[in-house]
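Quick heads-up: the structure tokens below are two forms of one chain, split into structure 1 and structure 2.
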Structure 1
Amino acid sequence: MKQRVYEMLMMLNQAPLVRYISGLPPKEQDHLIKQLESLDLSVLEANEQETKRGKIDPLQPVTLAEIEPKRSEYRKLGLKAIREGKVGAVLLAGGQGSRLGFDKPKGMFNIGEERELYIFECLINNLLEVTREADAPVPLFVMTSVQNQIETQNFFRDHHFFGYSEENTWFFAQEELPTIDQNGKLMLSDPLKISTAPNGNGGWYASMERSGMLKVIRDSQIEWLNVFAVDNVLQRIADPCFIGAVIASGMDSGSKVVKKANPEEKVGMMCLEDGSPSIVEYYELPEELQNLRNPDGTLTFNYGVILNYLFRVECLNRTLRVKLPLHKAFKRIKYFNKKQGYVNPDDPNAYKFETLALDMVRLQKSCLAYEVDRNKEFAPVKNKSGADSADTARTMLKANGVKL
């Protein structure tokens, strides 16, 4: 077993790690070898190349004006699905609050002013509005990272799940992938541990399979999963109108979208790529398309995603054997080496590999783009100050009647 791993590492140009492990006592060698066997080392062969995009065309959403006369019909259909136990929710909560100057899971960040109000609490309050109206629970699956799973679970328990149903809440950790330095070499996070990092928000469904959560999905006969990000405190979860509209459309999936604040706003955009639903990141859209306008003066590519998707479970199951594209992200990653000991760099120094939730949309045959009012549903908390910060989110929470 040991020799096979060494040979594989040498084939992957990891001679420094082989020399390091070979110099350890036998039990410590076995410990690292066991970890290496559990990791997906194929990422070392995935030097990300610029993805060649197909023909990009705008995807027209169902607009607020079009939704309004059908709102009651959609809401009734969505509430029916919730009451029949067909809808589950997946909170992507693996991220840390480092960009906020907060060294804990982002959902634990206190956004209150005169009282404690955590990001997790904001989201649960929004979900509770739906479950109270439906008089039925929505199974909630919380994806953590390996590092923050226990801390997140304890936080929920210490706060009595913010009034939500503990028996209808499950936690699972997302898969970890190895990190590499700028020379493509595997790293150590401590003397006996290979450095790894969460594999991005696109790995949520595969992580549910590995953790046994899909058995809960099957046993509960859940047909739809609403996936949403932790960092939007106005996120409407298991929104009956959204669910009803997607069901009524007969499509495989749905994505909430908002009108862009300006052509340069840093949001992914719903589009058609070679005729199929897709999402193009703001940095992938050529400038001439970014500023392209319709005859009435509106932006042609005018709708950004807010990471709130609805997927049909049977369609998700078909994606499990598909390998999502890997994206390399240049990050500041603590590490250990034999000469320097523990190193905590001030600047980005290494790469982590990520999959993206938007790539899950590209695997669906159809997707309903569903417009929502950004003033009521889009208050991202990403930065310590300035745009999309805790301060801008607080302003929007107050505008929506939330006491801080």
Structure 2
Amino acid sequence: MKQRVYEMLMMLNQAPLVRYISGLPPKEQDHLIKQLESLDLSVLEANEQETKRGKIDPLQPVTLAEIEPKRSEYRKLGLKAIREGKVGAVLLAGGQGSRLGFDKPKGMFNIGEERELYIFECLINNLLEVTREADAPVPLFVMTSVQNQIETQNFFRDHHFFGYSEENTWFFAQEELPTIDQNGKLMLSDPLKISTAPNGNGGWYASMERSGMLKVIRDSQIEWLNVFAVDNVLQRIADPCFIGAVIASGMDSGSKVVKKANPEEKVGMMCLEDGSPSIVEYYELPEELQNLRNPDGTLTFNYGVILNYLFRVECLNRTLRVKLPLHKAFKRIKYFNKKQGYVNPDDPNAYKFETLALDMVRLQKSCLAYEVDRNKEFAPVKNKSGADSADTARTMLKANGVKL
């Protein structure tokens, strides 16, 4: 077994790791070999692959002005679906929040000023508004990483699920993939551990399958899943109006979008790719398209996604075996090496491999792009300071009447 793993590592240009392992006592060698066997090393071959994009055209969403006259009709439809138990919510909380530089799960970040108000609490408060109005629960599935699962679960328990019902809350961990340094070499996080990182937010449905969550979904006959990011403190979850609009449209999925604040804003762009709804990450949109303007001066690619999607379970099942593209993200990753010992870098130093939830939209036959007011629904906490930081999110929470 050892020889086979060594050969594979050599084939993948990982000679330094082979040298390191060979220099260890046999028991420790076996330990690392066993871990390597369980890892998906095929990502190392995918390392150099580039995602080929199709022809990109703008996609016109259903706008705020168009939604307004239908709001109460959509709302009723959405609330009916919730009351019939057809709607579940999936909180994506497996990220590492490396830009924020907060060493705990991001949801444990205290956004309060004069009182404690955790990000998880903000989200649950928003969800509670809906479940109270519907007088029915929305099963909540919380995706964590392997690293932050216990801490996240304990945090919810210690805070009595922030008033949400424990029996309607499930936790599951996402899978891991190896990380690589800037020379494409595997890294160690400990003397006896290959460095791995969560495999991106696109793996959520496959991870739900592997962890048995799809059985819960089948048993409870959930038909729609609202997937959302942990780090938008104004995130509206299981928004009845959004759910109603998607159901009324007859489409397979929906994505909330906002008008971009500026052409360079770092949000995925909702567009048509070869004629089908798709989302292109901000760094993949060519500059000329990013700045393209309509005759009236508005941006041609004017709508960004806020990581709030609604998927039809039946359609998700059809796409379970499809491999999503792998994206390489340059991140701040702690590591260990023999010369320096443990290193905790201040700046991005290595790559993790991620699949992205936004790529799941392309796998759906149809997607309703649904505009929301960014001042009411989009306050991301991404960075330590400046744009999209805790400070900007606090200002927006206050503007929306939340006491900090």
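By convention here, residues take numbers in order along the sequence of structure 1, the first being 1. We call the rigid core whatever largest set of C-alpha positions still superposes within 1.5 Å between the two forms. These numbers come from a predicted model, not from an experiment.
Form assignment for the chain places structure 2 as the one matching the criterion, namely the form predicted in complex with ligand UTP. A displacement of less than 2 angstroms separates the C-alpha positions of L363 between the two structures, with the rigid core held in common. Relative to the superposed core, L17 undergoes a C-alpha shift of no less than 2 Å between the two structures.
Once the rigid core is used as the reference frame, the Cα position of L64 differs between the two structures by less than 2 Å.
Once the two forms are overlaid on the core, G341 shows a Cα shift of 5.0 Å between the two structures.
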